[in-house]
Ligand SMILES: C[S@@+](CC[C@H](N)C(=O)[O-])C[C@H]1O[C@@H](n2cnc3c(N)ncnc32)[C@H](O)[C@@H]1O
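Consider the single chain below, provided in structure tokens and representing the form predicted on its own.
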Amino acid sequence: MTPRSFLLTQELSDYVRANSELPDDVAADLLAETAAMAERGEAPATFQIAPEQGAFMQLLTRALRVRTAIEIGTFTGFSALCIARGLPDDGSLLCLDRNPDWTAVARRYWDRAGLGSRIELRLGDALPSLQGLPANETFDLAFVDADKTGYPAYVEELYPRLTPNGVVLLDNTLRGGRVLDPQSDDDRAVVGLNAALAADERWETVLLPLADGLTMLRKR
């Protein structure tokens, strides 16, 4: 049940993970609990990011010297755990999600990792929560892994709230390859956004073939 990129065979996926930073006991237990929840039908397996994506996000957070981050769509907290671990001791991560059950799992593991004081969780619909934040240049990094039809609005609301050179990461921007033949409103929303971002001069944009597609935006 561990997620892997649709672009990789199982053997290549295993090789990638074996030659990347491995999850420690806390992260591994969180991934295992989330997989067990998916097997019991208590959570969608497709909501979990791949371990190598988490390692990349942790490394990127640290390399960019991010101090303040925001996440839209937290699920059971693995991505937030990775981002928070990349922050300095006085750094902060704001998580926006509306599911109290899944995020309760997240809180347990954040506390177990000693990161609870770095992470603030706000429950409720993400867009109003985001719009309610001051439109000041606050965040160095944003990660968006939520409703795909909402991505355009999230990107617009994040722009004024990012610091200069701030980075946005958008998950699932290849949609399992369906960007070439959209099958749903989510697929079509992502296809439209991908094209719009590539032409938007406010952003420096690259779509990385990592996991299910990870678009990186830098605020010019």
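Sequential numbering from 1, following the sequence displayed. Model, not experiment: these values are computed from the prediction.
The discussion below concerns the form predicted together with the ligand, not included here.
- Only one of 85-93, 112-120, 132-140, 99-107 places residue heavy atoms within 4.5 angstroms of the ligand in the predicted complex, namely 99-107.
- Proximity of Ile49, Ala146 and Tyr154 to the ligand in the predicted complex is complete: all three residues have a non-hydrogen atom within 4.5 angstroms.
- Contact annotation for 184-218: no residue has a non-hydrogen atom within 4.5 angstroms of the ligand in the predicted complex.
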